[in-house]
Structures are given as structure tokens and as C-alpha cells.
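One chain comes next, on its own, written as C-alpha cells: the form predicted on its own.
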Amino acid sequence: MKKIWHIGRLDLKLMVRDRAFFFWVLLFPLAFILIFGNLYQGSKTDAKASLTVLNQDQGRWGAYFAEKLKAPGIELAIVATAPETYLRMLVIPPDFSLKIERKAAQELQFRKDSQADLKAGAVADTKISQAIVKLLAELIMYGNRDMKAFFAARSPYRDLVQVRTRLPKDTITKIPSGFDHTIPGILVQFVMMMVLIYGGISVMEDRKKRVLARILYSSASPAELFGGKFLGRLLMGLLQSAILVVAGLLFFRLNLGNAWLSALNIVVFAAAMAALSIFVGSVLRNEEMIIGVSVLTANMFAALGGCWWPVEIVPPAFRALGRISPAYWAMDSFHQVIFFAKGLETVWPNLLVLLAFAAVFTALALRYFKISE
């Protein structure tokens, strides 16, 4: 184990000493984060269900109805003139009181911003439904008495009716977006790209320069040699991930959800890329080809896997095709943990799929791993 660690640590040192290392590992990814993070800013969301009530009513019933909308889970704003911006707004018409007193049909307008949070919207919908049903119940119990005497004669009413609504199971209530989507996406893309490029080129050069042969002629076994090379590339991926995560936490307020699950997701994904990089470096014989194949593979996997845009919003056929990409399973795990607050019981199949990718890539790397030309 000591020899494996020594070989892996040496590979990591050589990568860090490269003058272009921090440009490709930090500066270039940060530029992508700034561009895509601002391009795909998060949708307008509200922790409390904000509801603007535009009360145009000329009588007392509009204010009475608006009072019924107040609740701990509702951020209520009652206004007399329409605001320029709002997430959701209920419009009480000018003849609201007149129609109630005449026992005529009512029509309320409920307007929503198309980007407003669905879960918060469901809370507001529920509260509006509750208020309507409660008011109707009071009117029914009041009977045929003079409506103008309602406020002076009525008895206090408690919650006669409970109305509860919920979204269907597995409904997406928040589309992954903003920096919380962009940073994991760029992390996954650049871990793929950099581990494949650096890891693949170093394997190819070590083989051509007979570095692998000299290591093997020492007391290291073939298994220790392969294990050291695998560890070195795994450390490359983990170092780059750590740099981007720290930058995200410091500058972009990155939310990782369950940090342990996000970290486990990174480790398993980096392991799959470490094995793939050894395979790439074993079968390709020149630097230009390794760079070209690595960039093409990383970008293709990133596009299919949802690194550039949330895979939740793409057509089902495209999403099904994305399952061939290891990035898909890593990004889906990030989304489940960060945006939907899921735990290990939800993401463990994704982790198993990534481990399967790692096993397949490791088998290919072992099959084609060569000590010399």
C-alpha cells in the first residue's frame, strides 16, 4: 500500500507542477461557472408562499375575505393598486361585496408568474381554496337573513372546513438552476476532461519513456504499479473537485445539500474517470489524439448528462439517451441531494451505476495497460 501511495502522490505532484495546471483546473472552470451560472439563474422562488391581494372591492367583504387568507405559511401583501412585479396575485373585483349581498356568482382572478416556485404556489392555492370554502360555509349558515346585517349579527366561526392539497408524487417543484446547478455541472465536466487529458497523457509518456518499466523493475509489483497510477488520477479528480467546491462555497454560496452524500458522489465519479483515463492513455499513442478524444468524450458526456442544462427539462428520449453517460448519474445524484433534499435511499442506485462504470473502465484499463511500447 505504501508503494501505491508513493506512485500516486508522485503523479499528483507532477500534475500540480505544470504551469498550466491552475488555469485549466481553476481559472478556466471559474469562467464557465460565471457565464453559465448567470445565464441559468434560478427561477423566482420564495421560501414562504408570497401572495399579493389586489383588493379593488368597494364594500367590506373584500377586506373580510382578505383577512381569511392570513396564515403563518403565507407572506401576504394586501394592496389597492396593482404592483409592477409579483410572484402570484389574487384580484378581488370592485363589485365583490355587491355580488355577495345579491348572492350572485363571483369570479376571482388568480395570476401567477410563470417562473414562480410550484411548491410555494401550491401552498397559496390551498389557502385561497380554504378562504373561499370558509366564506361559503359562513354564508350558508347565515341563511336568508339580511346580508347588510351580517357583520353586526354574525357569530364567530371557527375552521369549519379543512382543505388540503398536495402535488403528485415525484412532481418537480424546483427546476435545478443557478450556481447550485452550474458548479456541480462544471465540476463533473472538467473532472472528466482534465483527468482524461492529464491522466491519459502521463500514462502514454511514462510508457514511451520507460518510466513504467523502471518502476516495475524496482520492488513494485504490477498490481502496485496499476494501483498507484489509478490512485494518482483519483487524487487529480478529487483535488480539482475540492478546488471548485471551495471556490463555490466562498464566492457563490454553493449549496451541497447533504455534504457527505455529495462528497461520496464526487469520489465514485472521480474513480470511474481515473480508470477511464488509464484506458485512454493505454490505447492512444500520441498527445494530440489523447487531447482530442478526451475533449470530445468529456463534452459529449457533459451534454448528454445534464452538465450544461438541467436534464429534467429535456425531452424523455434525450434523457433516456443520457443514461449512457457517467455524468448523467453523477448530476442526477447532485440534483436529488441539492434541490430535492433526498438521501442515500434515493441516490444509492446512481452510486451503484457509477461503481459499475468504474468497474468496466478498470477492466478495460487492466486489459490494455502496457508497460512499454
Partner chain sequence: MQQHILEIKNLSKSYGETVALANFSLDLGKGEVLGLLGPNGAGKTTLISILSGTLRDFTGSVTFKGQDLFADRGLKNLIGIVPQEMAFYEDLNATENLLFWGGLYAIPEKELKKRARELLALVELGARAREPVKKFSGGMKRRLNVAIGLIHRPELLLLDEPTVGIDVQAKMSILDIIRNVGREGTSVVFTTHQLSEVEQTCARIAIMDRGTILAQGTLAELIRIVGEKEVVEVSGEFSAAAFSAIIQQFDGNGMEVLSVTDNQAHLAFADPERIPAMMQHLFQRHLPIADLKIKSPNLEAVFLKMTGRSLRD
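Numbering follows the first chain given and starts at 1. All values reported here derive from a predicted model rather than from experimental measurement.
The protein also exists as the form predicted in complex with the partner chain; that form is not presented, and the subsequent description refers to it.
J.: If the cut-off is 4.5 angstroms on heavy atoms, which of these, Ile74, Ala242, Leu249, Leu216, is the one near the partner chain in the predicted complex?
T.: Selected residue: Leu216.
J.: Report the residue, out of Met89, Val123, Ala220, Ile92, that has at least one non-hydrogen atom within 4.5 angstroms of the partner chain in the predicted complex.
T.: Checking each option against the partner chain in the predicted complex, the one that comes within 4.5 Å is Ala220.
J.: Would you confirm whether the three residues Arg60, Lys127 and Lys134 all fall within 4.5 Å of the partner chain in the predicted complex, going by non-hydrogen atoms?
T.: No, because Arg60, Lys127 and Lys134 lack any heavy atom that approaches the partner chain to within 4.5 Å in the predicted complex.
J.: Might His6 be said to contact the partner chain in the predicted complex, defining contact as any heavy atom within 4.5 Å?
T.: Yes, His6 sits close enough to the partner chain in the predicted complex that at least one of its heavy atoms falls within 4.5 Å.
J.: With a cut-off of 4.5 Å between heavy atoms, is Lys229 one of the residues that contacts the partner chain in the predicted complex?
T.: Lys229 belongs to the contact set for the partner chain.
J.: Using the partner position in the predicted complex, report whether Leu366 sits within 4.5 Å of the partner chain, counting heavy atoms only.
T.: No, Leu366 is distant from the partner.
J.: Please determine whether Leu264 contacts the partner chain in the predicted complex, using a 4.5 Å cut-off between heavy atoms.
T.: Answer no; every heavy atom of Leu264 is more than 4.5 Å from the partner chain in the predicted complex.
J.: The chain here is shown without the partner chain. Which stretch in 192-200, 208-216, 249-257, 289-297 comes within 4.5 angstroms of it in the predicted complex, by heavy atom distance?
T.: The contacting stretch here is 208-216.
J.: Counting only heavy atoms, which residues in 76-111 are within 4.5 Å of the partner chain in the predicted complex?
T.: The stretch does not touch the partner at all.
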